[in-house]
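Below you will find one chain, with nothing else, as structure tokens; this is the form predicted alone, and questions on how it binds or moves follow later.
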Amino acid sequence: MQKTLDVLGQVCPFPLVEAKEIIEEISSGDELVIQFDCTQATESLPRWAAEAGHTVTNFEQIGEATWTITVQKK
């Protein structure tokens, strides 16, 4: 299963806070797709995923200041 979290327009640390909450609601192996435009999250989201043991399966810039990251829950 894949769940999408759209946090466009939210300032840090809210994209990370919301991602942590949503990842708890999905099952192991499921993916969380996070769409965000907070530059600090380009570092904080991948770091959090790695530290928590999750796998980043996609991370790309989709606009001038917009990114998407897909995190697969461990």
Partner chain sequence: MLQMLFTGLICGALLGFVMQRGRFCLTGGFRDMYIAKDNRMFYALLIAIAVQSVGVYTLIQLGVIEFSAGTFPWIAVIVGSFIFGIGIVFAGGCATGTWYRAGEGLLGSWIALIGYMLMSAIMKSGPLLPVNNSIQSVQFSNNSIAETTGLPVWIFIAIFVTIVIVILINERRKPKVIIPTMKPKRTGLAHLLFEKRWHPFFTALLVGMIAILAWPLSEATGRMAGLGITTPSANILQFLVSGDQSILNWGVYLVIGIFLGSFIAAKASREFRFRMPDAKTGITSFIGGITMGFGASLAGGCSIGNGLVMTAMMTWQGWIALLFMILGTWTASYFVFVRPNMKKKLVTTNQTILNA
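Just so it is clear, the structure is predicted and the values come from calculations on it, not from any experiment. Numbering follows the first chain given and starts at 1.
Another form exists, predicted together with its partner chain; not displayed. Remarks below refer to it.
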G29 versus its partner chain, in the predicted complex: is there a non-hydrogen atom within 4.5 Å?
no
At the 4.5 Å heavy atom threshold, is Q35 in contact with its partner chain in the predicted complex?
no
Contact test in the predicted complex: I22 vs its partner chain, heavy atoms, 4.5 Å:
no
